[in-house]
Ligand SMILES: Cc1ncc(COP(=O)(O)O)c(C=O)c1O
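Presented as structure tokens, the chain that follows is alone, the form predicted alone.
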């Protein structure tokens, strides 16, 4: 029998497979439960704009047609929203696809990339797929250690990934930290700001990578998504913003028709409906404060969150508690997969979902 594993690209056999949070359907099927509360994947429990739902229904009759491969109207909407040029925008099947584009467009064999750990794991994966060498720098106080990252820069460093806010710890980097880091960063190194959760941040010291881009840093790529606060995770639509030169390179490695027509239409509507976004942000803040107070009363330490999830120390084996929560119809993300065996990453849910979660944690802990 032929050993197919010997035929694949060098290094592929050593890659792990990304393990997403358990889907609701799978939990129902495995455990025979009727009602599941999923607080594992940082989805928006409040859904998306009703205007987007109407547009999805309207556009459904056109699914036999290919989408606009250039995403003209969505790019126009993004351009107006941020006051940037259309030539600075690229669309992706989720912002994750753009991470792959960046790797394909810029990483050669033995090029080096730098990222924190734990953070979004695809930075390492795409580097290895392209034959690059990922350098992982441990978090300091649950956040990116920029001085340590700067110390790892070599003549082979091609890309630095910065997840801000960081997943899974929900922390942010502030303006003064980033200003100092950029002041010493060589201009021939690409700095990727992954800002999937930026719309949840209400700290005045938070500074988006988009601001630096507007200040003239042409080596910056900013990644955004419609999967989180905008509630379109199921449609897989995101975008990147950078200098026109970088966008031109990414377009050369972008798959044709990579974003579907329903996703494009829905994204236009959710971006325009900032009233709904503000409502979600407000409800998320209420939920976060409720969980923080509940954890305080339970004597549980947690990392201050700037997102729609909380990283909490339950002082017990996270895998065990994860499985017990699962049996009771609550899906959370166990911290052992991130290297924190006693932590859970918990998505902030609706008021009812949060109350149910706290009730179950009190029983288990």
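Residue numbers count along the first chain shown, from 1. Since the structure is predicted, the reported quantities are computational estimates derived from the model, not experimental observations.
Omitted here: the form predicted in complex with the named molecule. The next part is about that form.
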- Query: Should residue 163 be counted as a contact of the named molecule in the predicted complex, where contact means heavy atoms within 4.5 Å?
  - Reply: yes
- Indicate whether residue 227 is a 4.5 Å heavy atom neighbour of the named molecule in the predicted complex. yes
- Item | the named molecule contact in the predicted complex: residue 206, any heavy atom under 4.5 Å | no
- Task: Would you please decide whether residue 283 lies within 4.5 angstroms of the named molecule in the predicted complex, comparing each non-hydrogen atom pair?
- Result: no
- Query: Just one of 243 to 251, 130 to 138, 272 to 280, 219 to 227 has heavy atoms within 4.5 Å of the named molecule in the predicted complex; which?
  - Reply: 219 to 227
- Have a look at 124, 112, 199, 96 for me and say which one sits with a heavy atom within 4.5 Å of the named molecule in the predicted complex. 96
- Message: Going by heavy atom distances of 4.5 angstroms or less, which of 167, 264, 88, 77 would be at the interface with the named molecule in the predicted complex?
- Response: 167
